[in-house]
Ligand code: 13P
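Below you will find one chain, with nothing else, as structure tokens; this is the form predicted alone, and questions on how it binds or moves follow later.
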Amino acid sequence: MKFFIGNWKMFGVPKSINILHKINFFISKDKNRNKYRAIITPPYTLIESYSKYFRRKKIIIGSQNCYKKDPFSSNTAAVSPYMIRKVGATYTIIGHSDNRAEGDSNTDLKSKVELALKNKLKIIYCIGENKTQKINKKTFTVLKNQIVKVLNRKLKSNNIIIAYEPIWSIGTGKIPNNKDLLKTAIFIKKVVKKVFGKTLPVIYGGSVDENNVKMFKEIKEIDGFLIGGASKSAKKFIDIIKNYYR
């Protein structure tokens, strides 16, 4: 099973559901539809209405983050895993570089992962190195720490996807070459296997578009994509899926 996950970030109003209508219509007719899962993570404001509409359709709705406490607290503007699940989200992204940069520590992320799983949310757990770490050849050290300091064998591993998002690639148009990405994907699966005793799906995120997705098809260790800007366009998101299976 492959995953095509759209991260809308700070984008979308109620009428943006038209983007999902087009994607859903395409998937319902696509001969490859049983080979992949399409997940969209809109802002918190849209989760309830979108998840209700797409409950029995081809798109799964998730959240872009969740808070580290549950179910309720006095933290202004915080949204707990319990609250997210209650409005219909099935997945949640945890550990995105945006949130790490805003202060999410490994301790925070560990709490988020545990509470999300407790509330039967499936997790897209993001890891990735920045430009300086890459230049200094610290990529593998950084990725290993981000995995082992947050994830552990007691967790329900069947509900976790690892998303490798090199920070230097996000929104820049720069992507790793095939050789480097293959090595990194193999390394991640090796570390994950040591933690859980088995491998988990590893997806790639960072400047994925309808043109470069064909290149990623050659890397069998990549189980899908976390798609940013291109997921805000029905045509681009659909073209990514089309071109991957072409």
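None of these values were measured; they are calculated from a predicted model. The numbering used is simple: start at 1 and walk along the sequence shown.
The protein also exists as the form predicted together with 1,3-dihydroxyacetonephosphate (13P); that form is not presented, and the subsequent description refers to it.
Considering 1,3-dihydroxyacetonephosphate (13P) in the predicted bound form, the lone stretch of 204-212, 22-30, 54-62, 186-194 in range is 204-212 [heavy atom distance within 4.5 Å]. Within 4.5 Å of any heavy atom of 1,3-dihydroxyacetonephosphate (13P) in the predicted bound form lies no heavy atom of residue 129. Looking at residue 96, you'd find a heavy atom of it within 4.5 angstroms of 1,3-dihydroxyacetonephosphate (13P) in the predicted bound form. Heavy atoms of residue 12 never reach within 4.5 Å of 1,3-dihydroxyacetonephosphate (13P) in the predicted bound form, leaving it off the interface. When 1,3-dihydroxyacetonephosphate (13P) is considered in the predicted bound form, residue 170 lines it closely, a heavy atom lying within 4.5 Å. Proximity of 71, 108 and 115 to 1,3-dihydroxyacetonephosphate (13P) in the predicted bound form is absent: no residue of the three has a non-hydrogen atom within 4.5 angstroms. Interface residues of 224-246, taken as those with a heavy atom within 4.5 Å of 1,3-dihydroxyacetonephosphate (13P) in the predicted bound form (partner not displayed): 226, 227, 228, 229, in sequence order.
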